[in-house]
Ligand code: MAN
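Single chain ahead, by itself, as structure tokens, in the form predicted on its own.
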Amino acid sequence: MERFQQNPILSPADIPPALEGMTVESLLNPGAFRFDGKTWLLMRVAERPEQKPGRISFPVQRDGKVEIMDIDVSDPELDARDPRVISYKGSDYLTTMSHLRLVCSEDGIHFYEPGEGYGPIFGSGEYEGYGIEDCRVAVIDGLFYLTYTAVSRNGVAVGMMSTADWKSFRRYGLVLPPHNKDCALFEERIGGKYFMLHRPSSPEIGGNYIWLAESEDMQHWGNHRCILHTRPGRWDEARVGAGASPILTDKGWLEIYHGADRNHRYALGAFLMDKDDPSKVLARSSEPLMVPETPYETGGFFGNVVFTNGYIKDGDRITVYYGAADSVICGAAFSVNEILAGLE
């Protein structure tokens, strides 16, 4: 693994806020794809109101409009210990509201917003009221499919859209109900069916594991099977989740995933699925491929995090775009063959 010397390649100061009266708090976890001869990232932009001394304010979408909730920090019904989630009067809220923003690049390193026609993508409706996050992009049958995390007072779910031109979108609504996220589509059919990886959460029994599902029509998903567990005492002991679309190799489907330990350190690893039956996991990283090491990965809005859901593949080389410390966007180069050789 070789980090870009230019890291971080995108920071909050590089992107203006999309909502009036807000500031960009962080850039996170972009999907990646090629379009119109360029490399594109579909990044998550988290915005919040500028904070005032003694107050906590955060955005909420209601009836298609963004409202600002403003609370005194001394309010006994406020729990603001987590920088990402606020609990107030028995309800949970996000400290920021996220939308999706497009940037493009000729060299895969220096990115800019493409201009008119490629506007921000916002959440819509009751089940995306707290925003949309962490979008994966897959190319299937000539269309770009976007699977993303939809957040609302009802929970965290998986939404889906598709587009051919990145200017108009078909919205499918929720394809997986709460609590679920980290949805990555396979870009080729297997036995005539579509497949996805996803990550339901179970805080009471079981755990945060990676599951496989299949579909005849890309909208109705079934035959769910759990294929990857956390490992006690290891770097991925607390939770695991899929990254971007699996990579088809001559040895099988290779997936780069994230794992977190009990101290909430997020690292990257990989596992290999059978080419004809992806429910069979053939091999897995013993040690992580990448851990937070640099200052921009260990310190930030939520430190000790490297998290990916986007890559660009050129032969054996894959350029992985990742979010660091829930704050900035970075890049690193990997070799597919080296990853495969390191699996057990």
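Because the structure is predicted, anything quoted here is derived from the model rather than measured. Residues carry their position along the shown sequence, with the first being 1.
We do not show the form predicted in complex with ligand MAN, though everything after this point is about it.
For the chain seen here without its partner, which of 100-108, 143-151, 162-170, 254-262 has a heavy atom within 4.5 Å of ligand MAN in the model of the complex?
Looking at the partner contacts, the answer comes out as 143-151.
Would Arg84 sit within 4.5 Å of ligand MAN in the model of the complex, counting heavy atoms only?
Yes - in the model of the complex, heavy atoms of Arg84 and ligand MAN come within 4.5 Å of each other.
Using a 4.5 angstroms cut-off on non-hydrogen atoms, would Val156 count as touching ligand MAN in the model of the complex?
Yes, Val156 is a contact residue.
Asp236: touches ligand MAN in the model of the complex, heavy atom cutoff 4.5 angstroms
Result no; Asp236 lies far from ligand MAN in the model of the complex.
Using the partner position in the model of the complex, report whether Leu94 sits within 4.5 Å of ligand MAN, counting heavy atoms only.
Contact check for Leu94: yes, within 4.5 Å of ligand MAN in the model of the complex.
Determine the residues of 12-30 with a heavy atom within 4.5 Å of ligand MAN in the model of the complex and present them in sequence order; the list may be empty.
Counting only heavy atoms within 4.5 Å of ligand MAN in the model of the complex, no residue of 12-30 makes contact.
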